[in-house]
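The chain below stands alone and is given as structure tokens, in the form predicted on its own.
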Amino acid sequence: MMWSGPVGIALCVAGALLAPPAAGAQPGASDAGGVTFTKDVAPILQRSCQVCHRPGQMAPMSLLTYEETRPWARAIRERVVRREMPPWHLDRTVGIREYVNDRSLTDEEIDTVVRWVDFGAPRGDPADLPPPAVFAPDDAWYIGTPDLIVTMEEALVVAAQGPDTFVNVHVPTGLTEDRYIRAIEVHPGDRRVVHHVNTFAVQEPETPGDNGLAGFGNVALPGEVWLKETSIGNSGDIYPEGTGRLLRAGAVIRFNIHYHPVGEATTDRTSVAFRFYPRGEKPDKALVTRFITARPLDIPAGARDVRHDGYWTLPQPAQIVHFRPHMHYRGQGMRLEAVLPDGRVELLTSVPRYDVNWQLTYTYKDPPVFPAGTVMHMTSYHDNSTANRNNPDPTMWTGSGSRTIDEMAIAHTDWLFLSDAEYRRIAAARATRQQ
């Protein structure tokens, strides 16, 4: 079997830590090899957990203090050992290892958490506690002061109880001239209920033609440009220097939003903010999105490890910036690899523990480059069995479609196209760094 380990839970945040509290006496810190909350565990929580596990965020409990964390010690141990928390679903042992937005725990950090819990979760010396992590106010913009903010015109009501819902809302930008985007950020109106948001610009694309998505309804459509996906714990995107996207005059923003009830009725007005290049300034490179798809999909009832493949040939040298797998409830895993013109195969990223509730984007820290003629190969796997706890109906055959109960296999990739000289220069620099 290619895929191993847990393949998803109904709600990673809500389901991940709701387990019986740890009980029993606390041995001394010396019994845990000196591992304590104040000295060892609190810094891990600050870096990788508290961005979601704090008041006002979607996580169901706060982990800011020892008193808040201690009751969940055993459940925390279980989830970090299984690498379900923090959400980071790729295989760390293969392919590219370094990503800009990686909040996952190292093996050493997991061992620290395990030893802390196994020896009674001791508090430790209060003097060892690091200063509290400082989080920007919910209304602050990571990208800096925006040049344009587009907000849903009407608030949407999210019921206290009920199924997850997916909606599309169209909002005019009001732009009267073309502008190039240098940074973008999405702010949910109520972060507790907004699980993730996809944003698109409804406009004439800068580069007409098929982007790999003709026929799909809840991802970028012909006549739309992909802008930004935001999920729990994500911040804004500041594009690499000299790169950007064109937002045309008269463009309309389509918000595609996943809402999750949290036991309290609320309303949401989500916004997207832009920072632009100065008027008249055009970036050297346009960030180009290509969706590598597999279809039609044929996923028998009760089947696991159902494989489909998709391909795209680079028309010119290019550098990949982002990779995001997209499937629905039966999604199990996805791999992205490059088949070079000389026949060599380079694995970029393997995501064997895909979870529809966490639409993660993997941003390469040192983006690789490929020559023209390289074939990008996406391999998807679906689990339509009872072993998949996200599966709405394992007795039903499933195929391609736009509804959430249908399935997709899409590798969302963002690229910078290069000249032959740029490709040779960047490839040589990367080879030197790797050596």
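For every residue, the number given is its place in the sequence shown, counted from 1. In this text, all values refer to a predicted model and were calculated from it rather than measured experimentally.
FYI, the form predicted together with a small molecule isn't displayed, but the following is about it.
- Using a 4.5 angstroms limit between non-hydrogen atoms, Ser48 touches the small molecule in the predicted complex.
- Although the partner is absent here, Trp358 is a contact residue: one of its heavy atoms lies within 4.5 angstroms of the small molecule in the predicted complex.
- The closest non-hydrogen atom of Met334 lies beyond 4.5 Å of the small molecule in the predicted complex.
- Proximity of Lys285 to the small molecule in the predicted complex falls outside the 4.5 Å heavy atom cutoff.
- Contact check for Pro60, Ile76 and Arg103: all three have a heavy atom within 4.5 Å of the small molecule in the predicted complex.
- Only one of His187, His195, Arg182, Arg324 comes within 4.5 Å of the small molecule in the predicted complex through a heavy atom, and that residue is His195.
- Residue-level contacts in the predicted complex: of Trp72, Phe291, Tyr239, Tyr329, one residue has a heavy atom within 4.5 Å of the small molecule, and it is Trp72.
- You can rule out all but one of 103-111, 118-126, 271-279, 141-149: in the predicted complex, only 103-111 has residues with a heavy atom within 4.5 Å of the small molecule.
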